[in-house]
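This document starts with one chain, in the form predicted alone, laid out as structure tokens.
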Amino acid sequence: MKVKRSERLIDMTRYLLERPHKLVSLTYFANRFDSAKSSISEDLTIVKKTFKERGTGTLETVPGAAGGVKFIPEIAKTEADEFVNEMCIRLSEPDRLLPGGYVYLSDLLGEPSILRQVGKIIATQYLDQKIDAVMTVATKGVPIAQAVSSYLNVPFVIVRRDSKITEGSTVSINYVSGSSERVEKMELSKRSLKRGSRVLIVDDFMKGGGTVNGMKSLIEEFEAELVGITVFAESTFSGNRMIDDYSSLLCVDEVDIRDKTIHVSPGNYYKTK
């Protein structure tokens, strides 16, 4: 049964948005809508133009018999800037200040709309990189990893600090916490990551960089390759940070525990993108 063009466009758009980075053949759409490939091609031209004008992403065309189209989600710079500036304001609220100079993030990282933007911004940063998996450490980094992996359409893996019988055999390492300088342990299931995988590390907050450095060591243990490191927020650190090459969306650059004031500015993501 033939489908009206307006219905085709709606369904085609939904299908592509739900399957980023997946190659979809024109034959599939032609069979799905009982339409000629020429009609499908015209529809995709409209979708591609709209995606570009609205800053939704890019619709890549892959030529050849095994070709098709692939949706690459990305966020426009103006939209990313607006979001980061809004987060700076929200993170600067004085009631977010916790003992030890930490900033309360859990409510923000529990909002789906915020996670979608964070995921899209980080995924956009690595548009030109091949990524096989997104890695984070339990527990607060998990929603960020899930958001990023959904836009990259790759699995995410969770590093844990304690053993879980449901994880099966694990690889564990000792690492030094960058802020407390204590020796701690983290581990990852042997089934989580394939040898030679290209891995992106994401996390919610970074001070001394010890946890992220531990994840780097785990990646080496799996004979995998680190593609990049991005954190939602970082804080200024007076000691020697264990990580140099990373990006952050936000930077908590001034905390006054006595006056209960916080100042947050855009992170170095602005300089690296």
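All residue numbers are counted from 1 along the displayed sequence. All figures in this text were calculated on a predicted structure; none of them were measured in a lab.
This protein has a second form, the form predicted together with another copy of the chain, left out of what is shown; the following refers to that one.
Engineer: Scan 192, 124, 92, 177 and let me know which has any heavy atom within 4.5 Å of another copy of the chain in the model of the complex.
Structural biologist: Selected option: 192.
Engineer: Within 4.5 Å, heavy atoms only, which of 172, 106, 78, 129 is in contact with another copy of the chain in the model of the complex?
Structural biologist: That would be 106.
Engineer: Using the partner position in the model of the complex, report whether residue 197 sits within 4.5 Å of another copy of the chain, counting heavy atoms only.
Structural biologist: Residue 197: no contact with another copy of the chain in the model of the complex.
Engineer: So in the model of the complex, does residue 213 come within 4.5 Å of another copy of the chain, heavy atom to heavy atom?
Structural biologist: Because no heavy atom of residue 213 falls inside 4.5 Å of another copy of the chain in the model of the complex, the answer is no.
Engineer: Heavy atom to heavy atom, is residue 14 within 4.5 Å of another copy of the chain in the model of the complex?
Structural biologist: Heavy-atom contact with another copy of the chain at 4.5 Å: present for residue 14.
Engineer: Can you tell me whether residue 186 touches another copy of the chain? I mean in the model of the complex, with a 4.5 angstroms heavy atom cut-off.
Structural biologist: No.
Engineer: Sort through 61-69, 219-227, 47-55, 240-248 and report the only stretch with a non-hydrogen atom within 4.5 Å of another copy of the chain in the model of the complex.
Structural biologist: After filtering at 4.5 Å, what remains is 47-55.
Engineer: Between 148-166 and another copy of the chain in the model of the complex, list the residues on our side with a heavy atom within 4.5 Å.
Structural biologist: Heavy-atom contacts within 4.5 Å come from 149, 150, 153, 154, 155, 156, 158, 160, 161, 164, 165, 166.
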